[in-house]
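Presented below, as structure tokens, is a lone chain in the form predicted on its own.
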């Protein structure tokens, strides 16, 4: 009788679940592009992904949860795209400002992307963990340099993300307006208590 490697079998199962989840997220991204959650059905997603309905519900409780996962993935991939240019900047406030502006510019240029990223913010598990980690690293460095008066890193990240989310919601509802990006960045830096050196 052949010996079964239980650790390897478990690893194969995890890999298969990850691939299946990625298929569902990819199908969701395709279907959600330009449409609201209400316009998408679980049946349409499982058909596009080539999986059973039960498989969808194994990974997601609802279309809203799927939309959050799609938005988080879009946010994370955009952050990864920005990272090389962001890291070229030695100043943490400059890095934070660069990312904030680029995310708002992306939201202004692509409101479907912005809507999905906003939806992902409703799920703390899904929403931009890498984005938040990069933001917190920049804030921690700025705090260590005495550049900002908000001393709580989590609070400072909440302030920056909160302003970005609300400004992005405004862009989705009213459309982009001239000067919004610069004004939102100025408000964020003031809210963090930026001190010039």
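Residue numbers count along the first chain shown, from 1. Computed from a predicted model, the values in this text were never measured in an experiment.
Heads up, the form predicted together with a further copy of the same chain isn't pictured, but that's what we're talking about next.
Asks: Is there a heavy atom of residue 131 lying 4.5 Å or less from a heavy atom of a further copy of the same chain in the predicted bound form?
Replies: Residue 131 lies outside the contact set for a further copy of the same chain.
Asks: Does a further copy of the same chain come within 4.5 Å of any heavy atom of residue 18 in the predicted bound form?
Replies: Residue-level check for residue 18: no, no contact with a further copy of the same chain.
Asks: Verify the contact flag for residue 162: yes if a non-hydrogen atom of it lies within 4.5 Å of a non-hydrogen atom of a further copy of the same chain in the predicted bound form, no if not.
Replies: It does: once a further copy of the same chain is placed as it appears in the predicted bound form, residue 162 has a heavy atom within 4.5 Å of it.
Asks: Test of understanding: in the predicted bound form, would residue 47 fall inside 4.5 Å of a further copy of the same chain by heavy atoms?
Replies: Flag for residue 47 set to no.
Asks: Could you tell me which of 23 to 31, 139 to 147, 47 to 55, 166 to 174 sits within 4.5 Å of a further copy of the same chain in the predicted bound form, going by non-hydrogen atoms?
Replies: Every other range fails; the passing one is 166 to 174.
Asks: So in the predicted bound form, are 81, 84 and 105 all sitting within 4.5 Å of a further copy of the same chain, heavy atoms only?
Replies: Result no, not one residue of the spot touches a further copy of the same chain.
Asks: Let me know which residues along 38 to 55 have a heavy atom within 4.5 Å of a further copy of the same chain in the predicted bound form, or say none if there are none.
Replies: If the 4.5 Å heavy-atom criterion is applied to a further copy of the same chain in the predicted bound form, 38 to 55 yields 38, 39.
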